[in-house]
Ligand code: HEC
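The chain below stands alone, shown as C-alpha cells; this is the form predicted on its own.
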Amino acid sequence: MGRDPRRLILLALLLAAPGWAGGAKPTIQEAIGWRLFFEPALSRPGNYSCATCHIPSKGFEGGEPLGRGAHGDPLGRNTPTVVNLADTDLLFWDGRASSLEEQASGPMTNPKEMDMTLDLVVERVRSLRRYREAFAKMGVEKPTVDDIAGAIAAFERRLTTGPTTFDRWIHGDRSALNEQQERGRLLFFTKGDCALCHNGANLSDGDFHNLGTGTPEDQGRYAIEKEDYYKGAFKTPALRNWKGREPFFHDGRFKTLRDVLEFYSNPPDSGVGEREIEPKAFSEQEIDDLIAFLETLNGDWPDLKPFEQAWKALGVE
C-alpha cells in the first residue's frame, strides 16, 4: 500500500490529546458515582462492585484474560477499561452500549455478572441511608435507575489520564523522543500501519476490525450488527495508557505487548470473516523500537482522592 505523507501528518495531528487529567472539583453527582462504583450492594450476593472487575490499580481492567462474575462464573471476554471514555460513542468489545449510562447499567442485569434486576438495584440503593441523603443533596428524593446509572457515568467521564511524552512531541518538543523511540514512531506510522486504527486523542478509531481473532462462538460486532463486514470484528482498544492493562485483546490471549507485536508479524488466518491486516514481518529490533515508542503513550492514571474527599464532604457516612 502506498503511503501518502499528507495522510501521515493528518494522523499525527489526530493523536494530539485535548487536555487530559485535572479539572474542577468533583460534583455531588460525580462523588455519588465514585461511591457507587465501589458499592458491592449493586450485586445480588453483595460481594461484587464495578471496581471488582474494573480495578483501578490495573488500569480499570481486570488483570486476567477473562472477567469473573459475582457468582464466580467466568465471563466471555476480557474486561475493557472505563478510562478516557468521555467522548466514546460505542462501548464494550462489540459496541453494544451507546452511552456510559447504558454501559453502567448493563452488567447489573447480566445473570453472570451482578445478577440484579433494575428494580432491585433501585430498592437496594434507596434502602441505604448514605445514598438517600447524598441524592437528596442533589434534589433527588427517590433515586431511579437513571439517577444511579447517571451518577456512575458522570464519575467515569472524569476518569482521564495525564499527559504523555508523545503529547509533548506532538505539541512541538522534538527532543521528547530519544533515537529508539523516534524509530518506533516512524514504524508506527509507516510499515506497521498502526495509526490507521490507533488514532485520535485516545489512540483508537472507535471502530471494529477483524484481526483474525474471532471464533464461531464469539463473532464480535456481528452479534450486534448483522453485516458480513463485522464477522469477527472487535473494537479497537485504546493505546493511550496501555501499560498496566495487560493482558490484551478481547479474550486476553496476549500477556505482553511484545506478544501482540509478534502476532501482527505473522497473524493466523481468520476463523470468522475476512482478516483485515497483512503480516508485518517485524524484526526483533523493530519490535523493540515499537515498544520503546509505545512506552511514550503512557501518562498518570486518574487520581481518585478528590472523589473520596468530595464524598466525605457530603457527611453522609
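Quick caveat: nothing in here was measured; it's all calculated off a predicted structure. In case it trips you up, residue 1 is the first one in the sequence shown, and so on.
Not pictured, yet referred to below: the form predicted in complex with heme C.
K.L.:
Please pick, from K137, R96, R168, K142, the one residue with any non-hydrogen atom lying within 4.5 angstroms of heme C in the predicted complex.
P.N.:
For this set of options, the contacting one is R96.
K.L.:
Given that heme C is left out here, which of R183, R245, R126, K231 has a heavy atom within 4.5 Å of it in the predicted complex?
P.N.:
Spelling it out, the residue with a heavy atom inside the cut-off is R245.
K.L.:
Partner absent here, but in the predicted complex, which of 158-166, 127-135, 174-182, 189-197 has residues with a heavy atom within 4.5 Å of heme C?
P.N.:
After filtering at 4.5 Å, what remains is 189-197.
K.L.:
Can you tell me whether L100 touches heme C? I mean in the predicted complex, with a 4.5 angstroms heavy atom cut-off.
P.N.:
The answer is yes: L100 has a heavy atom within 4.5 Å of heme C.
K.L.:
Counting only non-hydrogen atoms and a 4.5 angstroms cut-off, does R44 reach heme C in the predicted complex?
P.N.:
Because no heavy atom of R44 falls inside 4.5 Å of heme C in the predicted complex, the answer is no.
K.L.:
K235: heavy atom within 4.5 Å of heme C in the predicted complex?
P.N.:
The answer is yes: K235 has a heavy atom within 4.5 Å of heme C.
K.L.:
Taking heme C as it sits in the predicted complex, is Y222 near enough to touch it, meaning that at least one heavy atom pair lies within 4.5 angstroms?
P.N.:
So Y222 does not count as contacting heme C.
K.L.:
For a quick test of understanding: in the predicted complex, does each of R68, L91 and L261 have a heavy atom within 4.5 Å of heme C?
P.N.:
Every residue of the spot touches heme C in the predicted complex.
K.L.:
Does any residue in 48-86 get within 4.5 Å of heme C in the predicted complex, counting heavy atoms only, and if so which ones?
P.N.:
Y48, S49, C50, C53, H54, R68, G69, L75, R77, N78, T79, P80, T81, V82, L85 sit within 4.5 Å of the partner.
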